[in-house]
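Consider the single chain below, provided in structure tokens and representing the form predicted alone.
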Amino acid sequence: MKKNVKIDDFLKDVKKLGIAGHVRPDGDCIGSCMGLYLYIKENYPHIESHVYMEKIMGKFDYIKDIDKVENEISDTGFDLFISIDLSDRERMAVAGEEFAKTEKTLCIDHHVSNTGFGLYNHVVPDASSSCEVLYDMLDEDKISRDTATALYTGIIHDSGVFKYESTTEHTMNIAGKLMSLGVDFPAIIDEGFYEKTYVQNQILGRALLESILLLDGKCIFSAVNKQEMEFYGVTPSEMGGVVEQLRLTAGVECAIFMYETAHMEYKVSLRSKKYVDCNAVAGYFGGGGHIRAAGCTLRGTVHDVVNNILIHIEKQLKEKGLL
């Protein structure tokens, strides 16, 4: 789909709209879903809109109407259902079955691994975030401060505060326009991105303390099991940021972090700096994401899972002459 696609193109005759994000919603998922919800609510009051996501961490309470997010679906009969920041329908939270029943569906995304599961698919893989993709679909003159706050949140999170290589001049121009609408950008960055709870810092500390360097120091690995998560009182939604901190280790090209979601089942996160294609590694195991950031779910012992992943990382490092 062309980059000049507008959300207006899909709203004709729509009276009931559903919006859904992925499981374990991150900042970009939350920002894009809420950004669209607020934009529709403010500019298309005749459309009944519902936004569906799993439970959201309290640090995002500054986004207007975040309390309107529905954690379970009870409505039917949608004229249009939009998924945002979601590469595969299997990862849709809460609303997957209703999305499948809806005749008119739209997928808005920026993941290179997107499967094109919507009736219409607007995917821009080189965008910093789904919020950036969504911004280009909106009428700039109709974006309020509240909508801008949600969109800025997503861009901050998926660009790593503008440090990832997906950040472009266009990304910065959009951020500047959102700032001009009066968003409290220092608070969004400090409280919405960097701030961690005490238990998050504890689990981060444990993950760092028990990390292991592999492949001649080019790779770093750490894992947390369910028993440890229960001891510290952390949920999967609170595990964000660990893999990124591991990636920042001097001399490391790729970081692997995983936590147990069920008995011998692990959510694996991969991050790289310049050379390892994380999406290719995760994609081999049925996952996906971006070139420098991707994930998958694998079953087995910690030893088996990390060794299976290392085979693919090692191959890439050798091909690039780094091992």
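Please read these numbers as outputs of a predicted model, since none were measured by experiment. One-based numbering along the sequence shown.
There is another form of the same protein, the form predicted in complex with ligand AMP; it is not shown, and what comes next is about it.
At a distance of at most 4.5 angstroms from ligand AMP in the model of the complex, none of the three residues G35, T149 and K177 contributes a non-hydrogen atom. Site annotation in the model of the complex: the residue of V276, A294, M53, I256 reaching within 4.5 Å of ligand AMP with a heavy atom is A294. Out of the listed residues S83, S87, T153, S129, S87 is the one that sits within 4.5 Å of ligand AMP in the model of the complex by at least one heavy atom. The chain is drawn here without ligand AMP; in the model of the complex, the stretch among 38 to 46, 285 to 293, 66 to 74, 53 to 61 whose residues come within 4.5 Å of it by any heavy atom is 285 to 293. In the model of the complex, H122 stays away from ligand AMP, with no heavy atom inside 4.5 Å. A residue is said to contact a partner when one of its heavy atoms sits within 4.5 Å of a partner heavy atom; R206 fails this definition for ligand AMP in the model of the complex, lying far away.
Interface residue remark: H157 is not counted as part of the site for ligand AMP in the model of the complex, having no heavy atom within 4.5 Å. Taking the partner from the other structure, ligand AMP in the model of the complex has a heavy atom within 4.5 Å of a heavy atom of R91.
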